[in-house]
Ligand SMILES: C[S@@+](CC[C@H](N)C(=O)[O-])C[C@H]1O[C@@H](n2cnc3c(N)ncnc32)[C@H](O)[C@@H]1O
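Next comes just one chain, in structure tokens: the form predicted on its own.
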């Protein structure tokens, strides 16, 4: 999965094609409605105020894709950038071609907004910092391990080369699963996916973010929900907005993803020293962060009934078309209890 997505010059994200939006292979919430970025920007400005707006504030987005979300956030923060300390937006992407295109796009918005935009190869290469780290639809695209319950134990699902193509393979030799052993399967044939890369991501950010917030927005469930709802696993292959039946067909030309196992990610966060502020549906998080007010303002600015209808339909798609998405909000435990602007009701309550 790692090679198919990220092999230099050959992987789905590294071969140089644009993969996002109507003309690509899939779209994200930032392509559906501009209020998605505006709402996140509003929340990040609240985080900035809680830290003291006179300080420099860094927003680090991991896996920015084509830069659509970053561009929207930067534009929405234009007014905030004229008061208080400087704001910078940092793009971190494993794909050099995608990263360069995203930076060009976001830099244009940054110049107009008075926000410095730059890129770097990893989240913590410059040492400890304060601010916000944003991961929107990042963890689902991290390489995952797939394990199948045989009745007697777990077997590892992988691939092998049969001389002409990749084919599915299974091994009864299973490497240890980080973050604690998997409980036995409820039924024979149950498939569970875990992503060491996703869990390592929250540990890496914990090593470098000393004050601020980590926002993870992605589709996924708790492990118990995944076992009940998806006993065959959640590995999905998509090409040109269509589901591909064989995920091993044309590797490097097909997006591969799995639902985020939030039980494992949240456990990794706790062990890394994060304090969980909130974990709930993405639509509920947007509601807390000011989406209803921003929508009302946008409706008042519409110039025709047709424009208002389009706005409302786009809003409906954003809130209900992403129903499987969750928002996980974390703060460094060493920073003390969350202050106003970051604290939310329902801290630590999984739904």
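Positions refer to the first chain, counted from 1. For clarity, every value in this text was computed on a predicted model and none was experimentally measured.
In what follows, reference is made to the form predicted together with this ligand, a form of this protein that is not presented.
Undergrad: Which residue among 80, 215, 194, 98 has a heavy atom within 4.5 angstroms of this ligand in the predicted bound form?
TA: Only one option qualifies, and that one is 98.
Undergrad: Give me the residue from 129, 201, 262, 149 that has a heavy atom within 4.5 Å of this ligand in the predicted bound form.
TA: Selected option: 201.
Undergrad: Which of 301-309, 57-65, 284-292, 43-51 has heavy atoms within 4.5 Å of this ligand in the predicted bound form?
TA: Of the options, only 57-65 has residues within 4.5 Å of the partner.
Undergrad: Taking the shortest heavy atom distance, is residue 137 within 4.5 Å of this ligand in the predicted bound form?
TA: Output for residue 137 is yes: heavy atoms within 4.5 Å of this ligand.
Undergrad: Heavy atoms within 4.5 Å of this ligand in the predicted bound form: does residue 94 have any?
TA: Yes, residue 94 sits close enough to this ligand in the predicted bound form that at least one of its heavy atoms falls within 4.5 Å.
Undergrad: Within 4.5 Å, heavy atoms only: does residue 226 come near this ligand in the predicted bound form?
TA: No.
Undergrad: Is residue 39 part of the interface with this ligand in the predicted bound form - any heavy atom within 4.5 Å?
TA: Looking in the predicted bound form, residue contacts with this ligand do not include residue 39, since no heavy atom lies within 4.5 Å.
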